[in-house]
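Only one chain is given next, in structure tokens, and it is the form predicted alone.
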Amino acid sequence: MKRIFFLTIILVFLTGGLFAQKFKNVALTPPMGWNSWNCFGPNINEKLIKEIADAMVSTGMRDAGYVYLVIDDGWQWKRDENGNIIPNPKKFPHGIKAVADYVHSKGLKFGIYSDAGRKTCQGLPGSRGYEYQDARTYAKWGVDYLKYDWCYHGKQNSEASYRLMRDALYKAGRPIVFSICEWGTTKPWLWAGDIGHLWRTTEDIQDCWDCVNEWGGMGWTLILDKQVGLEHYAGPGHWNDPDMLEVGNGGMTTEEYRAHFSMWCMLAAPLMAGNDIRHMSGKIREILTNKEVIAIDQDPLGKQGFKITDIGDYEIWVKELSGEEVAVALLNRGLIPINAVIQWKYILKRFNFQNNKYRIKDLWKGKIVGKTDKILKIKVKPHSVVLLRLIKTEKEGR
């Protein structure tokens, strides 16, 4: 009898370890997808989500790497007599599983939203007290990604609350990307590395360059400032999350959106588009699907970029890439053009790269603009970025 008991314990331990390993292996590069909140808020329904799934395929978003379609707050209705969460029947008349099945049929993965508190930010049922039950439901529905918010949390401990849902997801047995949306209030980069795959570092992003909302939301350049020093906590399977993309939502110029997207790629940030991709312009589509820029974000080395120069409105950010290559972003936060002069040996020394023979490719122009054995002089337009990749000379141009 004792032998059977110990064999059972070992089997449970090994099975839990296998689930944990599967859980850790689902986000070895920053997750890419689309989330409903930035454009639609709680105004979501079955028809919209299916149309977005179709558009993710027809626009080339899926083929560019955007595979997670995530429904944010607003899908819930109430719990039944057994405590099971019920979707809003007017918005989702066929239920969430039917929507997930449709999303999966398009070669995409399906994501959903809940909250660690008793209510979501929209005042709908949260998961507090129902963590294991909800995790089982999500696994049954075929959920691949869970965004887990932090409204109505009362006096809950953030680490304990998110660990509880992490354990519930383990128990449910389906590998699910776990997105911790705690807004950076308790410095999740210090404790979330073995709990979730990504964690928010700030309050919500706003569709602007540098505005500040009275409740704490802010423009993307202000969020960028708060990423300085966090690069040490990011890597394969665990990512700092500066929030979803605002590209294409109408509050900024094309140049500003290009800069926003470039810097998120430099940060190795999760790339969660938030615009109405059914009706986006060609210019916005070109930004979101530029594969050479996306490759900076998705580089398998998993290094987060960091700032090395800050001279007023002019910043230089660098990101180590696999194969001893480097991405360099020249960011102009001001309102007048900047004539940048780059001496490459100082950048290459930061990574102990001795080879000074790199070709320099401007990723937005799609062409080689020089070599690192010479000083580069280049103009950076106002509220804009120049994104460069240093390519080893023995490699073919990308």
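Small disclaimer: the values here were computed from a predicted structure and weren't measured. One rule holds for the numbers: they count along the sequence shown, beginning at 1.
Another form exists, predicted in complex with alpha-D-galactopyranose; not displayed. Remarks below refer to it.
In the predicted bound form, alpha-D-galactopyranose sits within 4.5 Å of a heavy atom of residue 122. A residue is said to contact a partner when one of its heavy atoms sits within 4.5 Å of a partner heavy atom; residue 204 meets this definition for alpha-D-galactopyranose in the predicted bound form. Under a 4.5 angstroms non-hydrogen atom cutoff, alpha-D-galactopyranose in the predicted bound form has residue 147 among its neighbouring residues. In the predicted bound form, alpha-D-galactopyranose lies within 4.5 Å of some heavy atom of residue 37. In summary, among the residues 169, 180, 259, 244, the only one with a non-hydrogen atom within 4.5 Å of alpha-D-galactopyranose in the predicted bound form is 244. Only one of the listed residues (73, 315, 131, 297) places a non-hydrogen atom within 4.5 angstroms of alpha-D-galactopyranose in the predicted bound form, and that residue is 73. This chain is displayed without alpha-D-galactopyranose, yet in the predicted bound form the stretch 113-121 from 245-253, 97-105, 271-279, 113-121 comes within 4.5 Å of it by heavy atoms.
In the predicted bound form, alpha-D-galactopyranose lies beyond 4.5 angstroms of every heavy atom of every residue of 212-232.
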